[in-house]
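Here's a solo chain for you in structure tokens, the form predicted alone.
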């Protein structure tokens, strides 16, 4: 890989900035100052440093966000702020995007990544990757709503949903719903089909990985190696 491409892929420097940093003697490869950044390196074995700090190479990024309200799950919108605007540098230059969508007013766990293949696999309806949501509603859900969810209900007259798991709280004014698909406003529409209305909605788990209780609303953290492996095997 060309050195300037390596540096730009990290998000630390643009290619133009990398060229200037090289001329200024700020870049070393295996301990030697490299002033031209158009040469090739082995990104897996060569030790590249910028201002004395080693730069680790990884092809993809996997980041968990505890999504706040008011943000849309997109990379650009034109009207509303996007979840990618919550990424700090240099992650904001790494081409991350949300894996799946949460409504503007839905909060909770979102995976941000630049691994397009994994994202496509995790979102494939054929893979049955589970997503869990905690909700509140009014009025309380009627007795028998659980059976409607588990049977795979029809919403808006003709749109069929796959079977889903509904576990109601005591009082039936909320609970947890587990889905294996992601239709437009699906949970809100399913709850409405049972005669109620969603008041709050939070994703609490994705592909079997729970929302980190230490992750405050609006904060991000890198996925652990164990979590990345679980994501890769979630569709096995």
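Positions refer to the first chain, counted from 1. As the structure is a prediction and not an experimental result, all values here were calculated from the model.
Here the subject shifts to the form predicted together with a small molecule, a form of this protein not shown in this document.
Position in contact with the small molecule when the complex is considered in the model of the complex, options 58, 40, 185, 35, heavy atoms within 4.5 Å: Checked against the cut-off, the match is 185.
Listed residue (132, 146, 115, 103) with a non-hydrogen atom within 4.5 angstroms of the small molecule in the model of the complex: Flagged contact: 103.
Option from 165-173, 185-193, 26-34, 40-48 whose residues, in the model of the complex, bring a heavy atom within 4.5 Å of the small molecule: Going through the listed ranges, the match is 185-193.
Distance check, residue 201 to the small molecule in the model of the complex, heavy atom within 4.5 Å: Yes, contact at 4.5 Å.
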